[in-house]
Every structure is written in C-alpha cells, then in structure tokens.
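Next comes just one chain, in structure tokens: the form predicted alone.
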C-alpha cells in the first residue's frame, strides 16, 4: 500500500510503498477513505523541537481518519466487514488507575497513532476494535474523518458550563472554529473569537461567533470590557498555545470564571499567578484530547440533532498524494481544516 511516512530524522515526508498492516485477534483492518491533517502533522513535517524529542522514524503519520472495515480479527465482536468507522486515536493501557476511573484520555502510558505508532495516512490502517466508532450513514466521510479534533473542541468547550454565559475563544485554528459552533449551539449568550488571521475570523462568524477580533490591530481587552460591562468573560478557551494569548485568557476572564487551556506553548510561559489566578479565584483546566468515550457521544448527539455543521471549517480537500501542497497551505495559514482523500 502507499503511505505518507517520516522516513528519517529531518524536515519533510515521503510517499512510500509499505506492507499492509497485519492485524491481531482484537484488531480490524480499515480501508481509509479520508484523513484530516492536524497541526501535529505539520510539526512532524517541519521537524521542530517537539517532533525531534517525540518522533522515532520511520513512522506513518495521521491520527484523524475514517473508512470501512475490510478485515476483522478472530476475537472481534459487534463489527462487520463494510462498517463505516472512525476511531479514537489514543491507545490507553486500560489497567492503570486513570483508565479504570474514567480518565483513560490522560493515561500515563498513552500511545497515539501517527505519533508513537504507525497511523492512518495510508491506504489501510489497523486499529484495536475497542477504539472504533461507528459512523451514521448520513455523515460524509470528510466529517467522519475529523471526529478527533471535533472531540477536542467539545472537551474544551464543555469542560465548564457555557449556557447563558459569555465565552472568549482565543485562536481560530480548526479546533477553535469548531468551538465557536459548539459554544453557540450550547446556549452561550455571547461568543467572542480572536485570531490574527482575517480569513479564519470570517469562518468563525459562519460557525456562530457573535463578535470577531483581529488581535493584531484591534483592542481585545477593550472590546471584552464593553461586551461584559467591565466584568470580563465567564469562560475563556485558549486554543493557540501562544504565550500572549494564554496571558490574555487569564487576564480577561472575570473573577470566579473558567479558563480552559488546550493550545500547547513551545516553552515556559510567564504568568502572574497572584494577580491573574489566585486573587481572582478562577478555575484553570488543562485539556488533553477527548474523554473516552463521553466526548464521542457528545459529538454524535450534536451531529444527529443538527445542532452543529462542521463543514464550513473544511476549506481544503486534496488527494492524499498532494499532501505536500496541503501541508504548505496549512503552515502558511491559508487553510482551515484540510482533508485528504484516498482511492476506494
């Protein structure tokens, strides 16, 4: 089969021929139909400091995908050949105290497909049956393929109540854009989206943001004061990982408010804990991945009810053989979500 692989340490990726994965008794083989490109894939492509410390080539990339089952292991039950599925890409150990108490998404032994083990930027991928998620017939492949980042957005947005509250979203990459729609559909009375990219802010409006702010030329703090009668927002979702945005999230939330941190900074961030956290009595949460599998049910419920249409965020679609151009568009900030398609 053909696959997109990091062959060796250094920038770039290669389209290569590799053997079709062999499955074990508890696994299935999936013919991949579509796969989403994530910022993580761009980090690996560029071979930045994070990738150098985490990735061990050779490695097939890709952790957001959907397709059809073509082969089942002898112990697999509840699935059949031809089933359309996506999958939870985090492979938890299943036996540690966190896994056994409903917190498998932060298992200390976690492995991630496309990061720690071979992933789904390939014509076929294998997955444990326990990680599969059946896809409704009415869901397009491109939406099925992005359940992973949709889940991240749900986990971040729903970590604190948003109904009847003012929500600030800092960073309008795909997950931040999904969060705009989720917050609006969940009853937020005011959704404020901030980014430095005007094209992404236009998508934020389509996804339900009431107010958009380009932080490079507009006064975000002043706007928040006007929108909240000087109190600050009830909930701040930091999606970018940019240190200035993290500081803004803490400073612009009201006393007693909630801050959810999903974006990953490259290094240490200088924060005034006394003034911006302790004296304000705020709650700060670190968000990782999706809750397994509470978040998946939330995604399914919103999609089934028609409460959320994620497709405006998908701005680019390309054959998987054109991955290089797609990654360059992502890195240049020219795209929202990019979905690669595979021959069927």
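Predicted, not measured: the structure shown is a model, and the values here were computed from it. Residue numbers count along the first chain shown, from 1.
Quick note: we don't show the form predicted together with a further copy of the same chain, though the next part is all about it.
Visitor: For the chain shown here without its partner, which stretch in 185-193, 145-153, 169-177, 119-127 has non-hydrogen atoms within 4.5 angstroms of a further copy of the same chain in the predicted bound form?
Guide: The contacting stretch here is 185-193.
Visitor: From the list 132, 72, 211, 223, which entry has a heavy atom within 4.5 Å of a further copy of the same chain in the predicted bound form?
Guide: It is 132.
Visitor: Report the residue, out of 139, 201, 85, 106, that has at least one non-hydrogen atom within 4.5 angstroms of a further copy of the same chain in the predicted bound form.
Guide: It is 106 that has a heavy atom within 4.5 Å of the partner.
Visitor: With the partner left out here, check for me: in the predicted bound form, does some heavy atom of residue 100 sit within 4.5 Å of a further copy of the same chain?
Guide: Heavy-atom contact with a further copy of the same chain at 4.5 Å: present for residue 100.
Visitor: Any chance residue 207 has a heavy atom within 4.5 Å of a further copy of the same chain in the predicted bound form?
Guide: The answer is no: residue 207 has no heavy atom within 4.5 Å of a further copy of the same chain.
Visitor: Is the gap between residue 268 and a further copy of the same chain in the predicted bound form 4.5 Å or less for some heavy atom pair?
Guide: Taking the distances in the predicted bound form, the answer for residue 268 is yes, it comes within 4.5 Å of a further copy of the same chain.
Visitor: Would residue 252 show up as a contact with a further copy of the same chain in the predicted bound form if we use heavy atoms at 4.5 Å?
Guide: Residue 252: no contact with a further copy of the same chain in the predicted bound form.
Visitor: Which residues from 271-305 come close to a further copy of the same chain in the predicted bound form, meaning a heavy atom within 4.5 Å?
Guide: Stretch hits, in order: 271, 272, 273, 274, 277, 278, 279, 280, 281, 282, 283, 284, 285, 286, 287, 288, 292, 293, 294, 297, 301, 302, 304, 305.
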